[in-house]
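Quick setup: one chain, the form predicted on its own, written in structure tokens, and binding and motion questions come after.
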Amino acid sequence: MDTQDKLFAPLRLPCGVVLKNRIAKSAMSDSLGDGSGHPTQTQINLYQRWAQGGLGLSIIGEVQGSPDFAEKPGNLVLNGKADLTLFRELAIKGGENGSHLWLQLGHGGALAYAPTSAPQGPSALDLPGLTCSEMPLDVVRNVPANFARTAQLAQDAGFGGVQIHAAHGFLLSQFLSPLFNKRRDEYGGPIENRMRLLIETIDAVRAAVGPEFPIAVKLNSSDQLEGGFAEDDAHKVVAALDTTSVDLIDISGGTYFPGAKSASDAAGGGPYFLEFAKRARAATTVPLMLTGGFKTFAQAQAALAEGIVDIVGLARALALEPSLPDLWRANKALTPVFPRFSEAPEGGITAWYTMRLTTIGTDTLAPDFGDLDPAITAYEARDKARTDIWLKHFGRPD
């Protein structure tokens, strides 16, 4: 089997589900919910377009089980009060053409969007740009059940699987980090305690969805902060995940804590985290996905050919060209052209790519990249409008 054949070869997960190829759209916060936690037609169109473009797997970022700790006011909220009609349409359209559509189960924790939340983390924080209270022990112990309920609803709505988000500085990632987890109970201290909530969440989700439904975990190789979650601890978590029922480990890195560098800023030209993935490969038989910095066909091809990972996770490349898998199969667009923006403000590049997703979902994708400033202005205005809708619909948590 040559390397191109391997990129487009099917992958059987431990639960028995088969993905048609090894190219995944990794989770991004597309901010395309309607402000009341429900999908929009733009979001449905976006995931349908990706499915039609040949992806084996797409993952929708930051789907919340509660409105109280959302990452953005454009997040989806899937709980007992949600109207499943549009969720079911999203599952159907995003699962066309043999593609799988999974939901990433999230909880903002200390990074919950302050205008709609009262942020809570493993420990209280009072830092510039980031303040939160400590999550009470009884609330911590209820986290796995909350994730499990959302996973079961995802299964009922027709989605193909779920990913438990334990990366990028959100709640489960915060528990893993000694920098942000100073607890003195069974969820703090050594890494065996700090990973306890993640392991309990996996077990609860598996009990809710049964043995044949895919469960993935997104895990940082490190959070790239001094004194934070580092590679040695991450290696121990990978080894522990090997003893659980997870079907896929998605390796990434970095955090969204204020002022922290993004993975792309900190790690050079990409792909990122390859060396960690090699180490993880030796610690687990669970299929590995690597997310971060894959920009070209050759990079994706090489990671699979070397046996480092089983799936490559693409994000920004698919925002530029939603049909990239089919183009690669046809030996086209092997080196996509990425925009370059000078002097972008913090969060500005993310805003540009987020608005690029909107143009895909509204069928207004332009051949040129456009300017950065109008994208940032539109992104901020949409967040403000959705914040107003969110607060009217959900109210503000106590």
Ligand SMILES: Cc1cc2nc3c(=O)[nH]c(=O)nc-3n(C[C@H](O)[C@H](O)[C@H](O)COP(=O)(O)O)c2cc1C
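Keep in mind the model is a prediction, meaning the values are calculated, not measured. Quick note: we count residues from 1 along the sequence shown, nothing fancier.
The same protein also has a form predicted together with this ligand, omitted here; what follows describes it.
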Taking heavy atoms and a 4.5 Å cut-off, does Ala315 contact this ligand in the predicted complex? yes
Would Met28 count as touching this ligand in the predicted complex under a 4.5 Å heavy atom rule? yes
Is there a heavy atom of His168 lying 4.5 Å or less from a heavy atom of this ligand in the predicted complex? yes
Using a 4.5 Å heavy atom cut-off, state whether Thr291 contacts this ligand in the predicted complex. yes
Using a 4.5 Å cut on heavy atoms, which of Gly37, Gly65, Gly54, Gly61 is close to this ligand in the predicted complex? Gly61
Interface check vs this ligand in the predicted complex: of Ser252, Gln120, Thr201, Ser177, the one with a heavy atom inside 4.5 Å is Ser252
In contact with this ligand in the predicted complex (heavy atoms, 4.5 Å), from 5-13, 385-393, 19-27, 370-378, is stretch 19-27
Taking a heavy atom within 4.5 Å as contact, would all three of His107, Gln224 and Phe257 count as contacting this ligand in the predicted complex? no
Across 350-364, the residues having a non-hydrogen atom within 4.5 Å of this ligand in the predicted complex turn out to be Thr350, Tyr353, Thr354
